[in-house]
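So this first bit is one chain, no partners, the form predicted on its own, shown in structure tokens.
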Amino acid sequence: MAIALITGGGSGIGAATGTLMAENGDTVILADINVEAADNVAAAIVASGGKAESAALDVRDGRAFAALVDRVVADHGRIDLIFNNAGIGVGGPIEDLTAEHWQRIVDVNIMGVVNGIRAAYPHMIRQGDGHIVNTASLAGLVPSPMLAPYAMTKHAVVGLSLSLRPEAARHGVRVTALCPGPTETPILDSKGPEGLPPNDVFSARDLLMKATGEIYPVEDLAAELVAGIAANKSYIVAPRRARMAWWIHRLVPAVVEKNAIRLVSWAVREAERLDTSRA
């Protein structure tokens, strides 16, 4: 059975994936900056008969990440999978965002993934086996207005994953980019990173419901993810509606752009309505 380290394991995609893998007999280490949340998920897995541990981790801290991976390898003899899943959202009109917004999301969503790869990849090379799963997004494949910083980081994760995949193959290491459409996770209701000015016009949930009218159950996404890993897919784009949006963008990008422009118009009207109600 596999040994898997999952960042962002205290909630959302990380928690659902860890729970499913443990049900399948794997051992999961759930790492999260909110260690209490990771503790709770791990405890629930253990109570159900699974094998799980929790750990505190800020993925921005490369040394702490390396120390955690080293500990996992020391305790279990190997690391079979790493899920670089932790991430944050930053949204709103670009003119309203500060330099700190951009830096924070780069540090978490891009450098957090880089830190995970740097920590786990050398162990996997020595093993001659392993699987790196990087959580990107449909926003890393199609235009995502009003979520530009988030989309930028997810495009970077896709590019990193697809570029590393052929390099890693010579070492027996597999790489997959997970690109979910709107999925039922806490990030949908976030107003932005803690300690920075919030986007109080609309949440990601508001924007994505307007764009797609559908939020995918996180348990269903976890099932597609686990199946995609077993098939060694380079991309996992889910659900079907997200795959359709990706293909439409590739075939007729002008159609997607027109829809994106309409979404911006809606967001601007929402902002104006909010300003009027506050006056």
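Not measured: the values here are computed from a predicted model. In case it trips you up, residue 1 is the first one in the sequence shown, and so on.
Keep in mind that the form predicted together with ligand NAD is missing from the display, and what follows is about it.
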*asked:* Residues G10, A86 and I187 are flagged as a possible site; in the predicted complex, is every one of them within 4.5 Å of ligand NAD by some non-hydrogen atom?
replied: yes
*Among the candidates G130, G91, G181, G116, the residue which, in the predicted complex, approaches ligand NAD to within 4.5 Å (heavy atoms)*: G181
*Check each of K233, R241, K51, R60 and return the one that places a heavy atom within 4.5 angstroms of ligand NAD in the predicted complex.*
R60
_Among the candidate stretches 122-130, 166-174, 92-100, 148-156, which one is within 4.5 Å of ligand NAD in the predicted complex when only heavy atoms are counted?_
148-156
*Might N34 be said to contact ligand NAD in the predicted complex, defining contact as any heavy atom within 4.5 Å?*
yes
*How about S137: is it within 4.5 Å of ligand NAD in the predicted complex, going by heavy atoms?*
yes
*is_contact(L81, ligand NAD) in the predicted complex, heavy atom dist at most 4.5 Å*: no
*in the predicted complex, does V108 have a heavy atom within 4.5 Å of ligand NAD?*
yes
